[in-house]
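Below, in structure tokens: the form predicted alone, a single chain.
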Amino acid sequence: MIEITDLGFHYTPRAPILRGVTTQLRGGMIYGLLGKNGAGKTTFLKIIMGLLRPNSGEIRVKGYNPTRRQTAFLSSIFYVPEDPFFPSGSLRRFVQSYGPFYPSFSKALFFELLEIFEVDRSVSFSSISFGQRKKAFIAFAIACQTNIIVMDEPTNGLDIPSKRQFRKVINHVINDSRLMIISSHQIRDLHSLIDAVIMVDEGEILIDHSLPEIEECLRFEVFRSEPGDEDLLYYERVPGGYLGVRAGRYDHSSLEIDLEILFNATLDRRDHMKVLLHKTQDYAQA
């Protein structure tokens, strides 16, 4: 659905935000986009949406050049920014005004999602909290039933029960014809939700792998005392002991992938992790 080749973006040539980014994103997948603040995540998403024009390289989204902002492209993709625009009117008025722009929009699904998110359909945006407004906007995004949904920090402003509702809804609506990209610095919120990880740092992609590909080469283990194992790639202290990662295939004695440890290990052992993961990906594709 999305093909990106040698993509580069900068505001000033001496300070590139993205450089040489190449990736392919497929339908039926939920991608978790990770990176430190200022790593280029939001820029990456805005280029996909056609809100920013890359300085070099090529991008195609469902065959379209996003920067041309063609009607067929715009009706097939929806963007949930970190701080969406909320009009002052009622949710019903919002649906009447914006729903017709999306051919597959379902009012029934929108109201069903509002019920799951525990948002009153009769209220106006101005009369509810930021978290409630955010849930209503996410419900609308999903109800548009576009092939691609891009979300930037969607769980910001949501309380713990709402985050659980969010994960439940996303898992329920994903299918083979839909692609989702979820950017978040709250890595724990993506646990048990995503199918693949894209990690951006210093303008380049360090990780671009499905979870099964990661399990082919990394093992996550827990230790009661500080490990002295030189084979560990990385470890850190957690409540009750230490959590570490080493090279090796996942087995029944391993823990599930811990996204936070994966993130920290990749920053700490940047070059080593890049080589290890890409060797596994090349083997899987052979």
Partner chain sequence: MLRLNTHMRRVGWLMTTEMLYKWRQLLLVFGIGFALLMLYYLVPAFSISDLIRGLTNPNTTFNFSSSRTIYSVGRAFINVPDSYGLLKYHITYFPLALYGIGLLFNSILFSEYGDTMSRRFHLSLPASIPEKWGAKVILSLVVFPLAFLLLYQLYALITYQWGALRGMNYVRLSLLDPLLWHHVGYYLLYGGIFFGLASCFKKYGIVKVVLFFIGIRLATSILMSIIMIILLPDFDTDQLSDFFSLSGYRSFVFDNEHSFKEGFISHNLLLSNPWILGVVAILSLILSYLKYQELEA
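Note that the structure is predicted; figures quoted are calculated from it, not measured. Positions refer to the first chain, counted from 1.
There is another form of this protein, the form predicted together with the partner chain, and it is not shown here; the text below is about that form.
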Using 4.5 Å between non-hydrogen atoms, is Ser75 touching the partner chain in the predicted complex?
-> yes
Non-hydrogen atom contact Gly203 with the partner chain in the predicted complex at 4.5 angstroms = no
In the predicted complex, Lys46 touching the partner chain (heavy atom, 4.5 Å) = yes
Would you please decide whether Phe105 lies within 4.5 angstroms of the partner chain in the predicted complex, comparing each non-hydrogen atom pair?
-> no
Please name which of the stretches 221-229, 27-35, 61-69, 251-259 has residues with heavy atoms lying within 4.5 Å of the partner chain in the predicted complex.
-> 61-69
All of Leu51, Pro81 and Pro84 with a heavy atom within 4.5 Å of the partner chain in the predicted complex = yes
Option touching the partner chain, based on a heavy atom within 4.5 Å in the predicted complex, out of Arg188, Arg164, His172, Arg93 | Arg93
Go through Ser129, Ser88, Ser177, Ser192 and name the one with a heavy atom inside 4.5 Å of the partner chain in the predicted complex.
-> Ser88
Heavy atoms within 4.5 Å of the partner chain in the predicted complex is the criterion; list the residues of 133-163 that meet it.
-> Phe137
